[in-house]
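Read the single chain below, which is given as structure tokens and is the form predicted on its own.
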């Protein structure tokens, strides 16, 4: 979710770079920096936190012919000024989005031949590789191409160097990068998305994977001919949406990428690690208590199944607004975990303070570094979801759930409650989650078609069992939030204890029917509802003959992969119903993104 900008031209380079980074703020970041090149002199400015911290450091009066900039969301290495981009070698600087998967091996090779590293990031290997190859053969283009050949993973790169001070080297593989012609002669611009380019260019190339080149005032020289020039949208907000109709839609589609970010540096070959807290934090812990509100509560409820199943530790989940007033019994052998997208939710923050005052060890799972909760808790695990503009949370939930699943495995391994084989099986499933979250065109089209059938009636039941019960709660909440239709999530086995009295053709049942977890049980529950004429929409890899509507998910060998694919189906269905009803998907009535008051 990081952002890249670059500029060559006669305007004030640093002002253009800072303005471009401001347009990319919506993507999320914890630090920012720019590098400015004037012949043999490179000036670099970096700052933690918001862009105004960087702006205060930059001298905007001096003229520079070219420069590069970056907003960073920490993956490899903590959010520090040292880890902020641009990263330097002896005479070159680079900005990079993505993941260099083989950076550890490359770093070790470079250190053996005398290269010294100053950051904890994967990015720094790029600039050292470039200088390694240039020192062997002083040809900058050849050195850059040899660097690209050594990199594995996903990346977009801008690189500048004193040895070739008129040029910006660029390359794209798996991470967005746009190159643009400026409105004035000799201008070239770069960005991760459209919005920083609007008003400065009319022609752009949306680079395909494997395409790069060298840009200077004389033009852009691509390494191959696989480029197509296109026009720009005229609306900055449309550009921020990357062509999607709504921020919510964009954020549903981003989930595969942000979940990948949430696992970087934590998911090893055969182990889970969290540098954010010492193992001693969980020593002596006999119980976990999770406290949250709304969507975060549903993520916590999902985690409670995983903590007990995998780590064999008691786990209870509390709604923060109720927990504060129940005069709770707090045991010092309890780890108190709070979950919040913003880190500012008032009820959850007060519950955290109560636990802290009672002497409990505390941990926050949060998306915003330096938020109120991160300053209070003993430890913080950032979900790295990036800015979520849609009021109805989507990628916040998926990243919270993945982080909590990893935590469950970390606890299990620490407490020796999981076999090596089972741990490897779970890690393998975690690696497949980003793929499960990639939205297939057929699924989105199916939810669009089905949405027109669910605009009336007297309500919805979302039903599931085990972890699919909190997923049912989340699906019902999404529909309520943005469509204003009445919906309830229930454990499927509870239907016959009262709610089934509501069943008739105008009651719509959304049934979560995973193949790998209690399928026969949930099937029996759905049959009972069908027998009483409820309209059934089943979501499953197995077609259910009593379904009135059916959304097919892929067959997998792990129930959590089914969980994430069904999550996407529920989000899309809710969104498409809301669209049909003419509602404001991104800004539903009566709701705010962060609830900072009681």
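Residue numbers count along the first chain shown, from 1. Remember, it's a predicted structure, so these values are computed and weren't measured experimentally.
One more form of this protein should be noted, the form predicted together with a small molecule, which is absent from this view; the next part is about it.
A.B. asks: Consider residue 295 of the chain shown here, and say whether it contacts the small molecule in the predicted complex, taking contact as heavy atoms within 4.5 Å.
C.D. replies: Looking in the predicted complex, residue contacts with the small molecule include residue 295, since a heavy atom lies within 4.5 Å.
A.B. asks: Would you check, heavy atoms only and a 4.5 Å threshold, whether residue 96 touches the small molecule in the predicted complex?
C.D. replies: No, residue 96 stays farther than 4.5 Å from the small molecule in the predicted complex.
A.B. asks: So in the predicted complex, is the small molecule close enough to residue 251 to count as touching (4.5 Å, heavy atoms)?
C.D. replies: Residue 251: no contact with the small molecule in the predicted complex.
A.B. asks: Please run the contact check for residue 72 against the small molecule in the predicted complex: heavy atoms, 4.5 angstroms, yes or no?
C.D. replies: No - in the predicted complex, heavy atoms of residue 72 and the small molecule never come within 4.5 Å of each other.
A.B. asks: Under a 4.5 angstroms heavy atom criterion, identify the one residue in 263, 477, 315, 84 near the small molecule in the predicted complex.
C.D. replies: Checked against the cut-off, the match is 477.
A.B. asks: May I ask you to choose, among 92, 255, 401, 341, the residue with a heavy atom within 4.5 Å of the small molecule in the predicted complex?
C.D. replies: If I apply the 4.5 Å criterion carefully, the residue I get is 341.
A.B. asks: Taking 4.5 angstroms as the heavy atom distance cut-off, pick the stretch from 98 to 106, 115 to 123, 286 to 294, 490 to 498 that is near the small molecule in the predicted complex.
C.D. replies: Result of the contact check: 286 to 294.
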